[in-house]
Each structure stands twice: as C-alpha cells, then as structure tokens.
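Quick heads-up: it's one chain on its own, the form predicted alone, in structure tokens.
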C-alpha cells in the first residue's frame, strides 16, 4: 500500500513549488532532504539581526507576471535594486558595463565616444572567435576584457580564457546609458523577512524529513509513493552509468565585522586573478540594514569533486552531450520526474526555476 502520492527528493525552490501545487490538488507528499534544513541554496541564517544568504547572493528578478504574482502570495518583497561593482587593482567600476563604467575607464562622457573606442578595440578579432577570450574581445574590446572579465572568468571556471569555449560568453550586456541596474526585468527585490519565509509557506502542511539521504535507502523510499520528483544530480540517480557530468562548486567564508559598513554595496566583484575569491557579499545592504555590525561572505569558486556540493552545471559541449544521453534514460522512467538545476542539468535563476516547476505542475495536475 503506497503511503504518499509523491516522494520529493530535495527541499529546494523547485521542490517547494511542486509540493505546494500538489497540496492544492489534494496530493500527499513526502519531502526528503540531505541537508539539515529546507530551502536549498536560498536558505538564510540570522546573524546579528542581519539576514545572511548562506549559499551566496540571491536577488529575485523576473519579467513574468505569473511568477511575480505567485511569490507575492507568500511573502512581501522590498525594493532592492542590484547595482554591483567590480574592483580591479584598486579601481572600482560599475556593472553591468554602462556609461558609468566607460566614463571611468576611457575618460569619456557620451555614448558616441564610448562606442567608437569599443568598436575600434573589437577590430582586433577577425573571423569567428576561437575561444572565450576572442569572443569577449569581439563583444566589448580588449580593455574591458582585460580588467573586468578575464580574471573573474578564469577564477569562476578554473582555467584560462584561451582554453574555454567561445559559446560560454555568447553575449555581454553593454549599455550606453548611465544605468547601474544589473537586471532588465520588470520586477526585482528581496523578501522582506528573507527567503526562509517563502520556502516555509510553500512547504506548509507537507511532511518533510531533513538529514535523509535518498541513496542510503533508495528502494524503501521509492516504495512509499506512486511517483517521485527527483531534484538531485541526474547522473548520480543513474549510478553514473554513462559517465560523470561536471559541476562547479563554491566555498564560502562568512565573518562578522565590528563595523557598520564594510564596502558600501551588497555585491563587490574582484576581477584580479591573484585574488582567490570572486566576490564579497555584504548582506545587510540587501535589506538597507542599519545594524552596528556587519556580516560579509567571501565566495571562492572550486573544482567539484565527488562528495562536494554541486552548485552549477558545466554546460560545455561534452557535458551537454552526456546530459542528453541521461535525459533519454530519464524519459524511460515513467514514475520519476526530474527537476531543478541538478535534475535538469541547467543553470536556473530563481524565477526560471519557478517557471519550470509550474510547467511540470501544469502537466502533472
């Protein structure tokens, strides 16, 4: 006798939306999560009265009215606008690349002047770009590439830009306006009480077991339900039978500082290769905090090894080809749905994750 309609493996955002929709349709779910908390990578902690994004900066943004209405049913959002900066050898530049960036870098003040300099630098690349370095220069010129892209990208991927495929940077946002808003989406903000409130409300009334590893009692867990939503690594589900997919991992160093304001911005990128972390997050600025202390997190990219936390897929040619083979296997699993970043081997922003979950729910219920 099956006890549940769905076993849900993983308690991140994708699973939370699915569980919430299943509950609305009268379905009974059991959620299991290997970590000791729910929420996946959007989980927050409270330190010194500051909401700390435990697994890196998460800024909600979307142009989808459906997604925006959906999340606003469960929590209130503030009016935070993401305006990060990038530091290179002591100089600070605005991101994304805009007239503030060009004014600082080239000493110009008009879009025409900036465009002429960038177009001249782009001429260095003839023909089809052969690697990421050539692709980046063909889009924004050498000076921006050298100062703001090269070191950051090499840290992020753990290899030289000349050894990375061109398609990783298909396009780079270049704005000839004095606009520091990183995103172009209609809606943007951070939950007023942090992401935990959103996740807890989505999972409200659903049975959850944390500290539970699916692979330690796989058959017993699958026997409890009619169907399974699996949001873990798709290659692990199939016991790496076709080979291992590649992932990138991250390491976080968080510290509390006895000062009110450390860097004056929520996110500061560091594009020098010699500085090992890619960015520092100062969490209080997400919520316009006035606390006497501040909490910062340094984010270090890392090669993923078995047993590490896989944060995002490496969607290069080899891995995408291998994932397609796993996807073919997945389609034969009639009682298992694969979802989320790891189950679909796809980098998702939060709104796209919710959209993907709702699409599956539209088919399922």
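Residue numbers count along the first chain shown, from 1. Heads up, when I say rigid core I mean the largest set of C-alphas that superpose within 1.5 Å between the two forms. None of the values given here were measured: they were computed from a predicted structure.
From this point on, the text means the form predicted together with a small molecule, which you will not see here.
Contact check for residue 188: every heavy atom lies farther than 4.5 Å from the small molecule in the predicted complex.
At a distance threshold of 4.5 angstroms between non-hydrogen atoms, residue 202 is out of contact with the small molecule in the predicted complex. Taking the partner from elsewhere, residue 86 is found to have a heavy atom lying within 4.5 Å of the small molecule in the predicted complex. By the criterion of a heavy atom within 4.5 Å, residue 148 is counted among the residues contacting the small molecule in the predicted complex. Contact with the small molecule in the predicted complex, judged by any heavy atom within 4.5 Å, is made by just one of 304, 312, 323, 70: 312.
A heavy atom within 4.5 Å of the small molecule in the predicted complex is found for exactly one of 193, 109, 291, 156: 156. Of the candidate stretches 70-78, 256-264, 121-129, 171-179, only 171-179 contains residues with a heavy atom within 4.5 Å of the small molecule in the predicted complex. Remark: with the core as the superposition reference, the CA shift of residue 235 between the shown form and the other one stays below 2 Å. The Cα position of residue 99 differs by less than 2 Å between the shown form and the other one after fitting on the rigid core. The Cα position of residue 117 differs by less than 2 Å between the shown form and the other one after fitting on the rigid core. Relative to this form, in the predicted complex the C-alpha atoms of residue 117 and residue 171 separate from one another by 3 angstroms or more.
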